[in-house]
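Single chain ahead, by itself, as structure tokens, in the form predicted alone.
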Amino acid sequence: MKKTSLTGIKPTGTPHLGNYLGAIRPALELSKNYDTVYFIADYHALTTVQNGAQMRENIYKVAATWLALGLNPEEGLFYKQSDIPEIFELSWALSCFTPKGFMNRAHAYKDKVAKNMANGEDPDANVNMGLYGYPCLMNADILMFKADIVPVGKDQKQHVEFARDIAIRFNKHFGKEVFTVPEPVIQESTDVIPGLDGRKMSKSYDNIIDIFLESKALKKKLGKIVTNSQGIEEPKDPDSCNVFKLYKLFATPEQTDALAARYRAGGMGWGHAKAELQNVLEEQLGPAREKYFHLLNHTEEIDKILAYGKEKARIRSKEMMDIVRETLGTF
């Protein structure tokens, strides 16, 4: 039997090329060799998104993005976290086996405390319990569906390590293998996706490129990519160019080699390079963009897909909770 891969998708805004290259594309690739579980982590997003209309919009955007880019709801599971009440029941059960020290070491909490102290504020200023206790909910997300692997970035590896520790602790305490112990899978090749200014593409830096920008808006956005002052006729180093770094993440090896040769030969300006980047983005993402906007204009189709995913996911979540309750003596 295939092993299971699980990916959580936090609906906190419009996905960008960094999300696509670093998370979406590699997670979808796993469907070739794994049984896949994809879920929209809307209750995780509640720590920062606390406007109902915005949350609904974000959920539709992230669902439309993944579906447009190739997620097949007929294969594996695709559901909304809030539709599976057993996850929240399991979260409480796991919290009773989770040392408080784990919560104190969670990156998101530590970072918030450090920023508060740097600003001379109380260490726990504006820290809600959702932020503090989110590892327990994340553990439930991972362990509920017996995930063997969880694809994450390096900065999220701790999430899977916490789930591993709790699964091992729980299994050892009861003397049986209730939970599968998951492994993190780190996507190394596209760990740092360059943004408009060359830094890691991030909303916090305001240097992102949305995945589904229309052609005119995309051209305008790509025009903002920072380059040097070399003239058209000068030979250029492709490996030090932010435009080329993005280009090669979408292009074929043959396209990459051909463009690199044009850089080194001279006679190509930055406008030409950015046009080549737009061409390859249109080639790779144009058809998906059309499907994305179709889904956003017909959200009833998304609702139907998520309702279907809920039905499939709850069959498995109820089975797991029956096992957990029996183990705990609450069944």
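Values in this document were obtained by computation on a predicted structure and should not be read as measured data. Don't overthink the numbering: it's just position in the shown sequence, from 1.
One more form of this protein should be noted, the form predicted in complex with a small molecule, which is absent from this view; the next part is about it.
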Partner proximity in the predicted complex: Ile142 to the small molecule, non-hydrogen atom cutoff 4.5 Å: yes
4.5 Å heavy atom contact, Thr7 and the small molecule in the predicted complex: yes
4.5 Å heavy atom contact, Ile302 and the small molecule in the predicted complex: no
Gln255 within 4.5 Å of the small molecule in the predicted complex, heavy atoms: no
Listed range touching the small molecule, judged in the predicted complex by heavy atoms within 4.5 Å, from 194-202, 218-226, 238-246, 130-138: 130-138
Triple contact flag His44, Val152 and Gln156 to the small molecule in the predicted complex, non-hydrogen atom at 4.5 angstroms: yes
